[in-house]
Structure formats: structure tokens, C-alpha cells
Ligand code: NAD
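Only one chain is given next, in C-alpha cells, and it is the form predicted alone.
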């Protein structure tokens, strides 16, 4: 018998609770299909922070790290916390504290949405670089440090090589080692080592500015792209545009070396979008497809495929939110997708 999977839900801020509300029924659906799942719903976000002053208590983090198998995450970020410290302390603590090195962001346009025929996967390092928030500000001077370590670089690139090998496609490393000689020089050195270890994978390095130009001109020439935290963020937002926009873009972060029980976190790419929160305009597709990525990571491949198929079927039948040219609300879109799930 399969062991019980313990999954934490953190809806967060802005549109996070709205899109999470359309993913939660998938958890009931998968339990009805015989999967053993325990759900832990957590309140952490701006509302909780402004009421209690708590971001993510140490005892809760330890329970997530050692007592949960996965996290389903909505979004964080709220204009009532202008310095964003609660968001940093929650999301960065999870990414870095759980050592979720690999951030996987696939781009596969849905029927009638975006550029048909594309299949680009971005592997973004998720814990280091300038997003490590190491730096300082003083009068007339500001410093943001970008730290890269060989273990994290190697883990990310090994995952990217594995992804390219599984698909039988080419791998491209995005870098700026011509200027960032130390940090990105490390990326190029490890990449070259792994090229020699994986001769079956067609692989190349490209300066990131040239890559972005080529990606716009001929996206079909790319299969898997690997990048550091900063470049991977920019590149994956561009590839999201090929698939219909940020509302459709899923992501999954994981720790390939499994240092803790909790080794995966799924979240949509779009962020909290506070300007449309509560309006019903948010697209739940990114959240639902992120849930499918998490199902697959947990070994529930048939259910992951069923969810992805339901999304494609609904959109193929013209069921779309306003950002995709339709008229459905967030809740109506979730209902439409679930209506195409197998019973």
C-alpha cells in the first residue's frame, strides 16, 4: 500500500487564495481515486503577518521540512507590506531552507493559445545568485551580491541534462561569463564537465542577451534551457508569453539530493497580482498545472496526465478567462476544467 502523502497548502496573498481554491478540489478528486493524501492548510501571508507579526514560525518551518512531503503554494506579495519582508521570509525561507535547488518551468502552449508546437523547458537555479538578498545600501551606493556555489550549480545542471536526455532534445546554458567571469565562469566550467559526461545530449552555451534575441526570433530551436536564478527568472517569463501569458505558467521546485522529507514545492509563476485580487479575473490554469506537476513528482503520473488533459480539453472547447480572450471568471474556469476530469 502507498504511504500517506502529507501536503501543506499555503494560499498566501492577492490572487493566491483565489487560484488555490480552484486547485484544492483536485486533492479531493485524487483521494477519491485511491491516493492517500493528508492536507495541512496554513494561513501564512500578509493578512496573518499584519495581524500577528508572524511570517513563518520556526516550529512550522521544521514541521514542513521534516513532517511534510510537498507544498502547494499560491503567491505572496501585498502592497500593505511595501518592503515585502513577509514575502521574502516565507518564500525564500522555503526555497533556501529546504534546499529546493531546481526550479522547473515548462512552456507547452494549450490548444488555440500561444504558439502551437512549442515545447521549451527552463531549469532555473532557485536558491542562489542575486536573489539570495545579500547586499547593502548606504548613501550614494548600493550593492547586491550574487553568490554561486558549485554544489547548487552542479545539481541544477545535472537536472537539466537529465531533462534534455529524457526528451531527446538539445540543452542550452544561458550565461554572461564574458562579463561575469567569476560566477558565470563557474557555471560554464561545470557545464563543460557535464557536456563531456553526457555526450548523447546536444549542448551549447549562449550569452544570455544573444539567447533572448534568438528565443524571440526562433523559439522552436530551443528544447531545454538552463540558467542561474536571475536569468532563469527572466527567460521563463518570456517563454510564458509563448504559451498564452503568465496566467498559464506552472512551476515546480525540488531538491534532487533529498536532504529533507519535504522535497518539492509547486506554485504558479504569476505572483500575487494584487491589482486584480478579488475581481475574479485571475487565471487558475497556472495553479492547476502546477498541481499536476506536483502529482507527477509524487509518482501520480496518470492523475497528472488527466489534469493536464482536462485543462487542454476545456481550453480547446473555448473555455477561457479574459486574459486568454474569453469571459470566464476564476471560479468558472476551475469548474470548467474539473468537468473534464475522469470520474
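These numbers come from a predicted model, not from an experiment. Positions refer to the first chain, counted from 1.
Heads up, the form predicted in complex with the ligand isn't pictured, but that's what we're talking about next.
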Handout entry: Options 265 to 273, 110 to 118, 206 to 214, 170 to 178; stretch whose heavy atom lies within 4.5 Å of the ligand in the predicted complex
Key = 265 to 273
Fill in the blank from the handout: Picking from 161, 187, 254, 73, the single residue whose non-hydrogen atoms come within 4.5 angstroms of the ligand in the predicted complex is 73
Fill in the blank from the handout: Partner-free chain; cross-checking the ligand in the predicted complex, the single residue of 246, 238, 194, 146 with a heavy atom within 4.5 Å is 246
Handout entry: Non-hydrogen atom contact residue 128 with the ligand in the predicted complex at 4.5 angstroms
Key = no
Exercise for the section: Answer yes if any heavy atom of residue 289 is within 4.5 Å of a heavy atom of the ligand in the predicted complex; otherwise answer no. Expected result: no
Practice task
Give a yes or no for residue 152: in the predicted complex, does one of its heavy atoms lie within 4.5 Å of a heavy atom belonging to the ligand?
Solution key: no
Practice task
Mark residue 77 yes when one of its heavy atoms lies within 4.5 Å of a heavy atom of the ligand in the predicted complex, and no otherwise.
Solution key: yes
Problem - Stretch 280 to 316 - residues with a heavy atom within 4.5 Å of the ligand in the predicted complex - result: 281, 282, 283
